[in-house]
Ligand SMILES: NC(=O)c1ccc[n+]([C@@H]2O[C@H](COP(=O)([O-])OP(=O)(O)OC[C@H]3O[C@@H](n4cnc5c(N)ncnc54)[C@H](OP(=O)(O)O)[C@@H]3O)[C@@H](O)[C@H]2O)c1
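Next up: just one chain, as structure tokens, the form predicted on its own.
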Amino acid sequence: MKNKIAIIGCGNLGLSIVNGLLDTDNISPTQLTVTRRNIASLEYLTAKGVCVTSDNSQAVADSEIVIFALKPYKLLEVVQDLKQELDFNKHIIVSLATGISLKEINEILGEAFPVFRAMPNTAADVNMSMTCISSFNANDEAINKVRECFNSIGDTIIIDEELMDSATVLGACGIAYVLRFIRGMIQGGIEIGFDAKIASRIVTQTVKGASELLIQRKEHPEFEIDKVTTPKGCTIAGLNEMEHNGFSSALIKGIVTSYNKIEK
């Protein structure tokens, strides 16, 4: 990838993206500029060749793709502050902020700008993010540039903007849901005899294997579940006990609750 990238507001998610990009052969560290009010925690990136600064204007001037990895309540204010530095002939704008629409951003910048919303997740840190992308006023060239950027840290999918809040819950919040499930499995493994280290190794590889089965085979989860639920067996007994205690229902309710929180 040839474009220079700025990440404005390099917190947890922004840093995951930076770490993922640095772990590929597709992007050189010298193509990256990252900003944060307090840059002390980002100094290690300087040694890797990344430009680290607290000056958002400098970051924008040195870049073509500008990723705003800011909290929603800060995004529009910072975009307004940088309006004079942003050039629609040069810059592609990508917002990672939940709940801030493309229309709201374009009302500040003007409709000539190609503007994107993207929702990656923190698995970007290990190049395994799922990033959902929507756009306004973007041609194929701009879309391909943004996809190339986020494909460097995992997989991408183009969706309608009206589904971006849903993408946030399922893809970004979803990391926490899955990790909580994994934690529960590890705790169960400890209770039935394993130490924490071995339980963690067994569970994480099992979860990885289950995901790969669905990704590669493209089957419904129940198809794979049926392979390991023999009549009167221990698997179906455990699954039924989980369902009696509201396992699937609790997960669905949690997802819907997170979505409703965004909507409010």
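Quick note: we count residues from 1 along the sequence shown, nothing fancier. On a predicted model such as this, the values are computed, not experimentally measured, just so you know.
There is another form of this protein, the form predicted in complex with the named molecule, and it is not shown here; the text below is about that form.
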Exercise. Do I182 and the named molecule come within 4.5 Å of each other in the model of the complex, heavy atoms counted?
Worked result: no
Exercise. Does the 4.5 Å heavy atom contact test between T33 and the named molecule in the model of the complex come out positive?
Worked result: no
Exercise. Looking at the partner-bound form in the model of the complex, is V18 within 4.5 Å of the named molecule by any heavy atom?
Worked result: no
Exercise. Would P72 show up as a contact with the named molecule in the model of the complex if we use heavy atoms at 4.5 Å?
Worked result: yes
Exercise. Which residue, S152, S135, T122, T156, has a heavy atom that falls within 4.5 Å of the named molecule in the model of the complex?
Worked result: T122
Seminar exercise, completed: Answer key, the named molecule contact in the model of the complex at 4.5 Å (heavy atoms) among A97, L109, L170, L76: the residue is A97
Exercise. With the partner removed from view, which of 59 to 67, 195 to 203, 217 to 225, 37 to 45 is the stretch that lies within 4.5 Å of the named molecule in the model of the complex, judged by heavy atom distances?
Worked result: 37 to 45
